[in-house]
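Just the one chain here, laid out as structure tokens, in the form predicted alone.
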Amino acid sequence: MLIMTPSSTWPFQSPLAHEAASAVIRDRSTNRQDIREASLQGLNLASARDVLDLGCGFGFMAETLAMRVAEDAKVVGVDVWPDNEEAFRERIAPSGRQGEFRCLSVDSTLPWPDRSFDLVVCSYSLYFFPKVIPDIARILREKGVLLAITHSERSVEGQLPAAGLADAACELVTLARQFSAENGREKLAGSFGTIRRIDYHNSLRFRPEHREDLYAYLRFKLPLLIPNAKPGDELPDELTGFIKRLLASRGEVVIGKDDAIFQCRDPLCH
């Protein structure tokens, strides 16, 4: 078992913190459609029996998928943080599908034979390991599907001035640029013959009465926004002060949250 702990994955080591941040996103989103549901648009997964969720976190996406795949399906979750195993299994269990958790670091190769899976999912995770795209094509069956959800670079860059952090070279932006709405098709084209992109337009709106929600959201993102910040650190005084002034002057803080969904078929290694 190989475990890697880069600072870019620190926000995702705590299921409770991740779930709390997800709740803030749901509550403050202008797009009321669940992106998990949007990502499955046009997909019939009833015959999918072998499913791989790369960067599964606490099972947020796997929970939705498990109710749509074959009744005898096995859902394998892969994550770098071992603490996510319990939450992942708990979210799979109500579906009656079999769940398996593998704690490992994903780089450019995967430890499964050719044509092992009907469906591979990367929900807000492929930017951590974009070099693995050709190997995902290798482990997919001929009619298999890669489903990838990712951020828009423009939205990520827009979060910084909205939060009082104008340094576009921060880790969050660097990470997003590894696989984004803007460059995702280009990075996938060498490994898949058919790529469908679905745009998910959204923003997060915080009024003065939602200030604590905004703090919670930024606290979750803090290790990606500020160098050397650690999970659980409090927000810097200059950041909270900026937010208070912005809410007082504008009455609202709006953070762009546009995402993109890529549904990929026809793996080119076959």
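Start at 1 with the first residue shown and count on from there. Computed from a predicted model, the values in this text were never measured in an experiment.
From this point on, the text means the form predicted together with a small molecule, which you will not see here.
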(message) Please identify the residue among S125, S191, S95, S152 with any heavy atom within 4.5 Å of the small molecule in the predicted complex.
(response) S125
(request) Scan I133, V76, V106, V173 and let me know which has any heavy atom within 4.5 Å of the small molecule in the predicted complex. (result) V106
(request) Quick one: find which of 56 to 64, 208 to 216, 239 to 247, 37 to 45 has residues within 4.5 Å of the small molecule in the predicted complex by heavy atom distance. (result) 56 to 64
(message) Is it the case that K257, even though its partner is missing from this view, gets within 4.5 Å of the small molecule in the predicted complex, heavy atoms only?
(response) no
(request) Determine whether any heavy atom of F129 comes within 4.5 Å of a heavy atom of the small molecule in the predicted complex, and answer yes or no. (result) yes
(request) Look up in the predicted complex whether F117 has a non-hydrogen atom within 4.5 angstroms of the small molecule, and give yes or no. (result) no
(message) Whether A87 contacts the small molecule in the predicted complex should be assessed with a 4.5 Å heavy atom distance threshold; does it?
(response) no
